[in-house]
Structures are given as structure tokens and as C-alpha cells.
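Presented below, as C-alpha cells, is a lone chain in the form predicted on its own.
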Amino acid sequence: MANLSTTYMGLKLKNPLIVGSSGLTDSLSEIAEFEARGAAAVVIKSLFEEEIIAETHDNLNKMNASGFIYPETMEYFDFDRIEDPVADYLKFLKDAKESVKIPVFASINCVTANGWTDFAKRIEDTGVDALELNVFSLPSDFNRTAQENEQVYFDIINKVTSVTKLPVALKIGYYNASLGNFIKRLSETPVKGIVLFNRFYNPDFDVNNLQFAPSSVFSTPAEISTSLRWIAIMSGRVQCDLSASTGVHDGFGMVKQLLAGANSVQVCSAIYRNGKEHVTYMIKQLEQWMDTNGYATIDEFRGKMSQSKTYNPAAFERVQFMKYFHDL
């Protein structure tokens, strides 16, 4: 039988499938079931930077600091009824880590490096195995330059890695005019992993009531193309591990990302759509594919279809575009 083990951020995983940060991982019983179903690790549902800063009312003035990007988010909180999400989150991390043997990752959804980064040390004290930073930075503020938008990422990395010894992963989006260069520079920081890509909330309009409405929350298998392309481009060109996210809906999607060069994959939408048993199904598909194609370990085929041997990935993409679309 094939050996499905892999490494990610220096951690040994029994297979590449990680249950991503979502409501799927906000229950101890569900985390235990994911372990039983074969998941290699879980990322606990994210705590938001605003929740950390708003831990006490005295800290609210930090939200209005010049470095905070979205002070309007404080309108979300009802401070007469607010509980203590920070203490609850820390306790949940500790309980989750003690309840399962697979690696448990904490997650913070953040937009700045101000006022919350010391919290990473408190996370480390819970005993979790790693910390994933989901950086929400939509370049829509007309008063911020591209350089200022990028610098946020480096400030967050530098501050967080200075206070914790946990391996840190950075989950990013693809809104960048020089994405390849940006990912490469991020990999040269102390981060141990980069997750490509996070999934932003996408608005829609209710044309009958003239109100904002959410578009589809879940990804589709077709959405694998973006992360697949960039995993393939960056594999062999970065100095940290890569994890693929968005659009991985079956074991063959997982195979594709591994062929592109990923160390792991993160799955959410496929589990929401198909149930927790889909984790076992995906792992079985990977195992069967490896057995059929004669691969004993993942390292034998990881990155086999990456573009790391191509000097200019843009030229490679151009050739493929011409080959497949010229006659359409």
C-alpha cells in the first residue's frame, strides 16, 4: 500500500488532507470525528483581529489607531451583550489539542499588525502545533499605495514570529500585480508555510429589495484552477512549504495539487457539500491513484508537473494558451 505521509511546516502528517478553518472545526466532537475519518490535521475556525483588540472596552481606542484599516467593523459588536471570545478561543484550542492526536492549528483573521500580535504567545501556551494567519487585505482603499498594502503582510509576519516559536503559515489572496515576486519575498521571511489562496466574501445584489446579499459561500471544483496554477508556478521557487486551498473537492483534486508541488491541501466546501465521510473518500482516492500509477510515496511525484524548470512561467502559460485555444 502507498505511504501517504507528508510534511508541512516541519510537522509530520499522515496524509496531505487538512480540514481548513471554518465552522466545521468549531466543535470538539466534529474535530474528533475528522481525526477518525482520516484527516491529517485541522485548522480551528478563525478568531478575528477585531475580537482580540476588543477584548476589553479600554482597548477600543486602538481600533481608531491610524494603522487600523477597518474601524467600521466595530459596528458589528453589541458591547452590551458581547461575551469573551478571546478566553473562549484559548480554552477551545487547549481542549482541542488535548482531545486528538493529529496536529491542531490555530487561526487568526487579521488586517494589521497593531494591537493584537502579542496574542500569538497566548496561543502558543495552549499547546497547539501551529498558527495560520489569514490576512484579509482587499486593495480597495484609494488612499493606500500598493507598497503600503504589501507592507502589512511583512509587518504582521515580523511581529508575530518575534513573540512565538510556533510554525506560522500565511494564508493570502491573489490580489497583487506582481504575485509571483510577492509570494517569493513572503517565503523568505520566517514563515514556514504559505496557503494559496484564501476565499473572500463576494457580494451580490438583491434587485428586488435593493440590499446586499452574499454570493455563493462554497467553492466549486472549477475554482481549483487558480490555486493549481500558482502552486505549480511557485513550487521550487519558494523557501517555505505550500498548501493549496479552494476548489479541492475530491481525491483527484488533491493529486493535482500534489503534482503541482503542494505539501498539503485544505478542504472545506467539499465536506460541507458531501459530509465528513468525504474525507475518507478523498484519502482513498489518493491512495488508489498512487497504487495504480506505481507511486510508493508522495515525494515520488510531488511537483512533477510544476513549472520550476521553466525560467519564465509567463512564457509557459502563453504557449499553453496558444496550444489549447488557438483553434477555438
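All values reported here derive from a predicted model rather than from experimental measurement. Numbering starts at 1 and follows the sequence shown.
Below: the form predicted together with a small molecule, not depicted.
Trainee: Let me test this: is every residue among 7, 235 and 264 within 4.5 Å of the small molecule in the predicted bound form, going by heavy atom positions?
Mentor: No, none of the three is in contact.
Trainee: Closest heavy atom of residue 16 to the small molecule in the predicted bound form, within 4.5 Å or not?
Mentor: No - in the predicted bound form, heavy atoms of residue 16 and the small molecule never come within 4.5 Å of each other.
Trainee: Heavy atoms within 4.5 Å of the small molecule in the predicted bound form: does residue 199 have any?
Mentor: Judged by the heavy-atom cut-off of 4.5 Å, residue 199 is in contact with the small molecule in the predicted bound form.
Trainee: Does residue 245 reach the small molecule in the predicted bound form if we count a contact as any heavy atom within 4.5 Å?
Mentor: Residue 245: contacts the small molecule in the predicted bound form.
Trainee: Can residue 217 be called a contact residue for the small molecule in the predicted bound form at 4.5 Å between heavy atoms?
Mentor: Contact check for residue 217: yes, within 4.5 Å of the small molecule in the predicted bound form.
Trainee: Identify, from the list 286, 54, 268, 31, the residue with a heavy atom within 4.5 Å of the small molecule in the predicted bound form.
Mentor: By the 4.5 Å criterion, the partner-contacting residue is 268.
Trainee: Please pick, from 117, 161, 107, 112, the one residue with any non-hydrogen atom lying within 4.5 angstroms of the small molecule in the predicted bound form.
Mentor: In short, 107.
Trainee: Picking from 255-263, 44-52, 297-305, 31-39, which part of the chain touches the small molecule in the predicted bound form when contact means heavy atoms within 4.5 Å?
Mentor: One stretch meets the cut-off, namely 44-52.
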